[in-house]
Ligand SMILES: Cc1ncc(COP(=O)(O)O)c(C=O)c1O
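What follows is a single chain, given as structure tokens, in the form predicted on its own.
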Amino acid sequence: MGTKKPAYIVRPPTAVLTRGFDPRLSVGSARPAVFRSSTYVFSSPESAERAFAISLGHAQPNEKESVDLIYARISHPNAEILEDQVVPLEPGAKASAVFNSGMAAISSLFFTFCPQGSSFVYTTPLYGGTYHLIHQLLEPLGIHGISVPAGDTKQLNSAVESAPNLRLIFIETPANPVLTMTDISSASKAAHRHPNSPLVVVDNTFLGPTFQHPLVQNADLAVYSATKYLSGFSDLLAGLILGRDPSLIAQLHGTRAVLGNILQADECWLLDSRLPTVSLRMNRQSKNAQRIAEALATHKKIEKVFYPTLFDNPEQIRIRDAQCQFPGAIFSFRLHGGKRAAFDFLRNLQIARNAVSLGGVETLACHPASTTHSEMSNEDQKLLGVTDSLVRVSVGIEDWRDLLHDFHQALNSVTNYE
């Protein structure tokens, strides 16, 4: 008998178009249809019993078992298709859970894995919504957060080592909005040394899934505001969590069913249709951003540009080279002249839009200190570099030369306040 050939494994750009969808189940439709059902008919009473046992965590599905759907708050066909087709985009992932916003994903994460009385370590600065969740909801519930500055590997290791009842390490890298990077691999090693084996979770919204792969760096879960690059058109809200261990994702599915924050069928269908173009869009956006950020770095009205290719700190360069393939499409800069200069710049943009969010095909610019990070205290803003003169830019797919011209004319409109 000859040696059996190993099964051929298709690459991610192919898998994201073919995995998890059988046209025969959609009357031959070449792409998934929208299923707007709220409840589902069981194939038998025994199948209903089995579906509830698995849904409640009393049983585990067998390999390749087809489990009956129950109710759309628990799961539905479009969610299952999306959760299957997104997995190849995140190397190392085995399963995923979809939510109706990025904050719904992050909230569900903490409520699932951080019981009352536990602690977690997190890097700062963070997205303003996550910051609000920690201080206004988790801490009053008796879930203790321990903050460490992004990029400070020594302090992160020390915090992990000394944290009592530690359940989770939450890393946002690059940090929003100053783009400081944190060493994911080092955090994973620190977690493995801890007796509680806390989970390492990375908010990968800025660079993933194309340019940074947390699970390859031994993180346990990668979190996304899928509203951003995964969707890419600023027209829907969604969140995703992907992991190496399907049992962790199953726990998140259970929390999601209780909280009722699953993504609805229409949005799942829309988001699934965007997945094949994520890499195409992100590569164009990253090339645009690099050209623009580097061109603006020497502008006389700009104090400093924050962008991965412009790092001057040796440790930040080391982390960048170890875990990032390309620099991405977000950059920030500080203007001479403080808040008035920043507002002048934003007021005079003609192509880029003054709006929060990021990752869309259009270019957006905002003033973090008064918008996305306004819930931070003045002391924290100052400590973490979220100054009044800081502007954050999310670069789209326009012609980079037009964008650069727009930035130059807006900068020329900035009054010299010094």
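All values derive from a computational prediction rather than experimental measurement. One rule holds for the numbers: they count along the sequence shown, beginning at 1.
One more form of this protein exists, namely the form predicted in complex with the ligand; it is left out here, but the text below deals with it.
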Inset, instruction - Scan A79, I106, A342, L89 and let me know which has any heavy atom within 4.5 Å of the ligand in the model of the complex. - result: I106
Inset, instruction - Identify which of A352, L358, A369, A51 has a heavy atom within 4.5 Å of the ligand in the model of the complex; exactly one of them does. - result: L358
Legend entry - Proximity to the ligand in the model of the complex (heavy atom, within 4.5 Å), stretch among 223-231, 332-340, 299-307, 89-97: 223-231
Legend entry - Partner proximity in the model of the complex: T124 to the ligand, non-hydrogen atom cutoff 4.5 Å: no
Inset, instruction - Answer for S101 alone: is it within 4.5 Å of the ligand in the model of the complex, judged on heavy atom distances? - result: yes
Legend entry - Partner proximity in the model of the complex: T205 to the ligand, non-hydrogen atom cutoff 4.5 Å: yes
Legend entry - Contact label in the model of the complex: A238 to the ligand, heavy atom within 4.5 Å: yes
